[in-house]
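Presented below, as structure tokens, is a lone chain in the form predicted on its own.
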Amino acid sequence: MEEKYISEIVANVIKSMGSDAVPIVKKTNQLGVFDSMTDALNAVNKAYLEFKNYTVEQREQMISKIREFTLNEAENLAKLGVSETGMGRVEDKIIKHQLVANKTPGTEDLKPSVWTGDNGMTLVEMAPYGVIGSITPSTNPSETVLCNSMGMIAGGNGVVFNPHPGAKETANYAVDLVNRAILEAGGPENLVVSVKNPTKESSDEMMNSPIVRMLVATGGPGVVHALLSSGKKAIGAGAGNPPVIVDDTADVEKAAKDIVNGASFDNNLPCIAEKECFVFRNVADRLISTMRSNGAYLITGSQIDKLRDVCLINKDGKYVINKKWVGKDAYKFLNAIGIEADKNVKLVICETDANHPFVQVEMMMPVLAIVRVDSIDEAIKLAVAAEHGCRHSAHIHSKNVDNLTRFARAVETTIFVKNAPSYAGIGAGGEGYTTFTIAGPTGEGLTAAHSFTRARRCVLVDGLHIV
């Protein structure tokens, strides 16, 4: 985000979190939340059949009310998410919910096409699939439910969610919020549904149900693979390991601030966040120094090995993340390796070689490895290798147009951010809309209402063309 913009938001968030802060509310008897997937599917199918008779204007009224409710309850949603999952930062999650409310597209995203000529007129409109089944992650549970709900409703669909079990309270609170908003706007009951206790069995039932015509998953490769094997239209938002390059033409001081802000945002939970950094050797010291002046803490030597053993688990010679540490505050990592640090530390940084697991493993922790390189060729080669072909997100700080272009062409990511924090890629301080379902594996990119529709063509011969 632009520095002034994010500073104003954070100041307001911190102010709101004082003695009069909104308490965490965990509602019972939530609207749209059912004991079984069978009941949820039957309820949403009934709601969808009713919803088919609503106008596009009425859909937009429902979405407007969801935006309003989300803004009003952003703090409560953020606190509930951190409390339940133990991941992320309340102040950052509030910003994420504000982004969802303000920058998720509605019905304006549905753009018809028309052809006219001597033979008449052909019209193509974007139509709903019907009931969509959606699997949501623990990293952005309420944000994904709210963002998906708005886009899917804008497209004329009903939605059944199977949330991550580790974030079911937060996700289901969001489902209840959406239903409350829909009802206040005059919409049908249970247009968005979920289950109280999501399991693999409830997920399988959802994916196999004839009621569900389309599947959407935001999660790891296993979830995406299961959806793509379902035989139904599927949108898969998979994992990434986004690199960032800093060359010697960059505004190094700005790059340092941007990388710290992007990599530390919500404790590095966003899949778009900078996960490893490749910097030209001749500006590396200046970059690291400025990062330290902006909330980063540099560790060296044996401290790096100690932190590796906290963050990662060695399984038969292959490092995997220690899930207990995903999304934790930066100072806690330092305390765990015997370094006294306060809560003002935003990001832990260290220098490693390109083969270090901090570079190669997507950790979703506020820990950033920095690798020195001698040329743009080396930087691009190492960055593309570290991204592992996920084609999710990548970032660069440079004023050299050739370097910007070469890296973009080589890495082929869905999101490519130049000279800004990573979150600019989803509209935070950058142009464009917000989404929390970024579909690289299936190619839809940043999903919105149009992603959840199918094209229908209507042809009239020898009529309605007036020229």
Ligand code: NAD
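Quantities reported herein were computed from a predicted structural model and do not represent experimental measurements. The numbering used is simple: start at 1 and walk along the sequence shown.
As for the form predicted together with nicotinamide-adenine-dinucleotide, it is not shown, yet the points below apply to it.
The contact residue chosen from 112, 220, 210, 186 relative to nicotinamide-adenine-dinucleotide in the model of the complex is 220, the criterion being a non-hydrogen atom within 4.5 angstroms.
The partner is absent here, but in the model of the complex a heavy atom of 140, alone among 140, 157, 194, 104, sits within 4.5 Å of nicotinamide-adenine-dinucleotide. Mapping the unseen interface onto this chain, residue 163 counts among the residues with a heavy atom inside 4.5 Å of nicotinamide-adenine-dinucleotide in the model of the complex. Contact annotation: residue 89 falls outside 4.5 Å of nicotinamide-adenine-dinucleotide in the model of the complex, judged by heavy atom distances. Among residues of the shown chain, residue 438 is one whose heavy atoms approach nicotinamide-adenine-dinucleotide to within 4.5 Å in the model of the complex.
Not displayed here, nicotinamide-adenine-dinucleotide is approached by residue 203 to within 4.5 Å at the level of heavy atoms in the model of the complex. Proximity to nicotinamide-adenine-dinucleotide in the model of the complex holds for none of 67, 147 and 181, with the criterion being a heavy atom within 4.5 Å.
In summary, the region of this chain contacting nicotinamide-adenine-dinucleotide in the model of the complex, judged by heavy atoms within 4.5 Å and restricted to 296-304, 68-76, 239-247, 309-317, corresponds to 239-247.
In this stretch, 243-272, the one residue having a heavy atom within 4.5 Å of nicotinamide-adenine-dinucleotide in the model of the complex is 271; the partner itself is omitted from this view.
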